[in-house]
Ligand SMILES: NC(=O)c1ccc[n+]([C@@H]2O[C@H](COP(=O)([O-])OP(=O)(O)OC[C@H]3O[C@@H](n4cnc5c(N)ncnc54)[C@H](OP(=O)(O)O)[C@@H]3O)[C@@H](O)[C@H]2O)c1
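Just one chain follows, in the form predicted alone, and it is written as structure tokens.
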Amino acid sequence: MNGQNLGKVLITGWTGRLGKACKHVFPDAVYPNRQQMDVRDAESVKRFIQETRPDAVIHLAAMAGIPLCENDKANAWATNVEGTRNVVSASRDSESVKKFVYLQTACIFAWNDDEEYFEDSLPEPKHYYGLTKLVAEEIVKSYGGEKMRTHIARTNFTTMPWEYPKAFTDRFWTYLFAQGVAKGIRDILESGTEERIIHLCGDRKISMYEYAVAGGSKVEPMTLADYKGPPLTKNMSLSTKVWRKYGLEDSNYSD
């Protein structure tokens, strides 16, 4: 990466794990709270961006979680779709924002066990959370142009410590930790790339159990044979045709 000066960076949705990791990677960024800038309120967003005049915006704010979105579809749409529209629209309309990065979930894919998923793979969300995130991605694409370059950063990560007492040894992802995702976003901004969709992923498949242990969690191993419930995918691994892959050790897991 060429180490470009990023200027002033504004980051939405910073209260989650990734937002906290971004505070290590972007220590001088602007991190508005909801009282300062509510993504669901177009005027609030427009006013804050006009006042702060950022050079780049990283949009992390979202209503995440499959059950949560299924149980409150109205709020999921207002936050994930309309909220994203508000932020990317105000960013493009500003005189200052030149780059916009949208953090995207890997849950927009169908996750058939025998497939690899690249930047040009067809999305096929199986739930409302994935649907709202895919619609938001399309909105972000439509706002990109010479005035403001937009990037969609798709990735796989989860919070630590692992939230369950056990983790699968036979379900695999190309995981990163939140700190690694934050570094990948910085790489995108510093690179000057014109790629619109980028997969930020690990350089190898690892099981959920390996990931949880590497993240410092004390968990017991389990297999799909031990599981009783709705069908689960064995493989949820992203790959990339346009970007570097990151080692899990490069993710530098930390609070």
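For clarity, every value in this text was computed on a predicted model and none was experimentally measured. From 1 onward, residues are counted along the sequence shown.
Absent from the display: the form predicted in complex with the named molecule. The rest refers to it.
Undergrad: I need the one stretch from 163-171, 138-146, 115-123, 96-104 whose residues put non-hydrogen atoms within 4.5 angstroms of the named molecule in the model of the complex.
TA: Selected stretch: 96-104.
Undergrad: Is there any non-hydrogen atom of Arg34 lying within 4.5 Å of the named molecule in the model of the complex?
TA: Yes.
Undergrad: Are any of the heavy atoms in Lys245 no more than 4.5 Å from a heavy atom of the named molecule in the model of the complex?
TA: Looking in the model of the complex, residue contacts with the named molecule do not include Lys245, since no heavy atom lies within 4.5 Å.
Undergrad: Given that the partner is absent here, does Phe177 sit within 4.5 Å of the named molecule in the model of the complex, heavy atoms only?
TA: Contact check for Phe177: no, nothing within 4.5 Å of the named molecule in the model of the complex.
Undergrad: At 4.5 Å between heavy atoms, is Arg17 in contact with the named molecule in the model of the complex?
TA: Contact with the named molecule, yes.
Undergrad: Is every one of Ala62, Thr79 and Lys133 in contact with the named molecule in the model of the complex, taking contact as a heavy atom within 4.5 Å?
TA: Affirmative, all three are within 4.5 Å.
Undergrad: If the cut-off is 4.5 angstroms on heavy atoms, which of these, Asp38, Asp203, Glu190, Glu195, is the one near the named molecule in the model of the complex?
TA: Filtering the options by heavy-atom distance leaves Asp38.
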